[in-house]
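The data below hold one chain only, encoded as structure tokens and taken in the form predicted alone.
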């Protein structure tokens, strides 16, 4: 079981904190000879597989590294366009690591804003007045849990569907936010959270939740 990530979204829908606690490793590294027998293309500033699934490499997987060096978007570590680099026979044999494309900071901001809108839509669609909005979304591989405070701050946790104690964890994160962000004289409301004590206590809370599933009796 695992807790994958934590998001904090302000009442305007802006992402003010994000932490990736655990990223499942679904990566494949393979050495290729010329010519490359998978088809690659540029997509959203990344290079992804468009055709030629094989040996664990899937359509949609992104190029993560070449010859052990992490790529930078659609460029190699040396700044060369990946597709142009792989067209040159002199660069073979070449070792390429593929995996799920990592979300950029801009993509995380966009997703937080989208969830904020979905939360509001969910509240408006409710047949009952005063609905809380979306509290949980479930897929086959993770659950999204959301807790909104009275002031409109949303705390979102993505976790393994089997992970227990998430409701208690959300309230613990709110407590940490109150103690180490709101009480910090240098922190401005609605702004990104940059506080070392907040980071440390959040990581500790996630570790406890993963091991025990709760924060003591009654939580």
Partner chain sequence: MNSELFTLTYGALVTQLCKDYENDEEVNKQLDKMGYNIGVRLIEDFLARSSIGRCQDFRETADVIAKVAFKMYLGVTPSVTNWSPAGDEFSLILENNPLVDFVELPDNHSTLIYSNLLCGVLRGALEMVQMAVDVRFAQDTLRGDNVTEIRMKFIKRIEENLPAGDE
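Note that the coordinates shown come from a computational prediction; the quantities given were computed from them, not determined experimentally. Positions refer to the first chain, counted from 1.
Below, we turn to the form predicted together with its partner chain, even though it does not appear here.
Q: Of these, 168 to 176, 65 to 73, 37 to 45, 50 to 58, which stretch puts a heavy atom within 4.5 angstroms of its partner chain in the predicted complex?
A: Only one stretch passes the 4.5 Å heavy-atom test: 168 to 176.
Q: Among the candidate residues 120, 109, 83, 101, which is the single one with a non-hydrogen atom no more than 4.5 Å from its partner chain in the predicted complex?
A: Among 120, 109, 83, 101, a heavy atom within 4.5 Å of its partner chain in the predicted complex occurs only for 120.
Q: Which listed residue (95, 131, 91, 113) meets the criterion of a heavy atom within 4.5 Å of its partner chain in the predicted complex?
A: Flagged contact: 131.
Q: Using heavy atoms and a 4.5 Å limit, would one call residue 192 a contact residue for its partner chain in the predicted complex?
A: No.
Q: Though only this chain appears here, would residue 188 touch its partner chain in the predicted complex if you measure heavy atom gaps against 4.5 Å?
A: Looking in the predicted complex, residue contacts with its partner chain include residue 188, since a heavy atom lies within 4.5 Å.
Q: Please determine whether residue 183 contacts its partner chain in the predicted complex, using a 4.5 Å cut-off between heavy atoms.
A: Judged by the heavy-atom cut-off of 4.5 Å, residue 183 is in contact with its partner chain in the predicted complex.
Q: Given that the partner is absent here, does residue 203 sit within 4.5 Å of its partner chain in the predicted complex, heavy atoms only?
A: Contact check for residue 203: no, nothing within 4.5 Å of its partner chain in the predicted complex.
Q: Scan 145 to 162 and write down, in order along the chain, each residue with a heavy atom lying within 4.5 Å of its partner chain in the predicted complex.
A: Read in sequence order, the residues that approach its partner chain (within 4.5 Å, in the predicted complex) are 148, 149, 150, 151, 152, 153.
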